[in-house]
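In the form predicted on its own, a lone chain appears below as C-alpha cells.
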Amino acid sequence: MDLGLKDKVALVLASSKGLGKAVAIELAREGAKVIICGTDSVALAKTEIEINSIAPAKVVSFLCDLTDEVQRKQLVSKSFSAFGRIDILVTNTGGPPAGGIDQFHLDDWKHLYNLLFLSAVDIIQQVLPSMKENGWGRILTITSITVKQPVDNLMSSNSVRTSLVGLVKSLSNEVASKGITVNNIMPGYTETNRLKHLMEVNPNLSKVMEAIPMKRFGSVEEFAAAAAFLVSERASYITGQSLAVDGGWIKGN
C-alpha cells in the first residue's frame, strides 16, 4: 500500500534511539523527509547515517533538550529552514523513571510535566499555523498503554501522560475541518532498552508476557508501521483516536 508520504516533511521528537528512531526510519522508507532530534550527539549522528543509507539527502538532525523552551523554538525554526514546512509532527520523549508516589517530589513532578506534556503542547502550537495554512497536517503523540491501564510502579507515566490524551481529543475536534488529524498511539511492551531497564527495577514485569494474548513482546518495527499509517494520507478520516499497539494487553475496549 502506498501511504502517500513521499516528500512529506516529518519532525519526529526524541528520535535518536528507541521508538522515535524506529518511526523516523519507517517514515524515511515511505519517502518522507525526516527531521530527527535528541540529546545524545553520538546516537543522533549514528541514526542520521542509518536513515541516510535508506533515503539519501532526506534527513537532518538537531540536538535538542525538549525540556528547554529556547531549544524547542530553535528546533522548530531549524526544521522550517531545512525543508520549508512541517507536514507531520510525532511527539515523543524518553520514558519517565519508574517508582511509586514516595519516589517523586514536587520538583520531580514539575520536570515530568514539562517533559511529557508541555514540550508537546509547545511544539504543536508552533507547527499548527503552517499546517492550517497548507490545509494538511498530521499530529501523532506517542504515550503509553499506561494511559488506559496503569502499570504498577510507573506512577509518573500513569499520571502525566494521560493529559496528552485529553489534548489529542480536544485538539482533533478543533482542527479537523482544516485537513489536520490528531491521534495518539500507545506502545505496549516493546523490545527496547527501556523495557529491559524496567524489567530490572520491577521483577514482576518478567511475568508480563503471560498477560499478553500474543505471548510475546512487540518489535519496534511493528510499532513504527502503525505510527506511519496514522500519519499517512491513507488515514485521512481517522482523528481523535488512541491506538494501542500492545498485542492485546489492555483489557478494556
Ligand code: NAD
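Residue positions are given as counts along the sequence shown, with the first one as 1. Quick caveat: nothing in here was measured; it's all calculated off a predicted structure.
Here the subject shifts to the form predicted in complex with nicotinamide-adenine-dinucleotide (NAD), a form of this protein not shown in this document.
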- prompt: Of the residues 156, 181, 144, 79, which one places a heavy atom within 4.5 Å of nicotinamide-adenine-dinucleotide (NAD) in the model of the complex?
  reply: 144
- line: The one option of 224, 64, 36, 28 with any heavy atom within 4.5 Å of nicotinamide-adenine-dinucleotide (NAD) in the model of the complex is 64
message: Does nicotinamide-adenine-dinucleotide (NAD), in the model of the complex, lie within 4.5 angstroms of each residue among 3, 58 and 90, using heavy atoms as the measure?
response: no
query: For the chain shown here without its partner, which stretch in 136-144, 164-172, 102-110, 82-90 has non-hydrogen atoms within 4.5 angstroms of nicotinamide-adenine-dinucleotide (NAD) in the model of the complex?
result: 136-144
- request: Tell me, yes or no, whether residue 200 is in contact with nicotinamide-adenine-dinucleotide (NAD) in the model of the complex, where a contact means a heavy atom of each within 4.5 Å.
  value: no
message: Contact with nicotinamide-adenine-dinucleotide (NAD) in the model of the complex for residue 46, defined as at least one heavy atom pair within 4.5 Å: yes or no?
response: no
query: Is residue 19 a contact residue for nicotinamide-adenine-dinucleotide (NAD) in the model of the complex, using a 4.5 Å heavy atom cut-off?
result: yes
4.5 Å heavy atom contact, residue 115 and nicotinamide-adenine-dinucleotide (NAD) in the model of the complex: yes
query: Within 171-187, which residues have a heavy atom closer than or equal to 4.5 Å from nicotinamide-adenine-dinucleotide (NAD) in the model of the complex?
result: 187
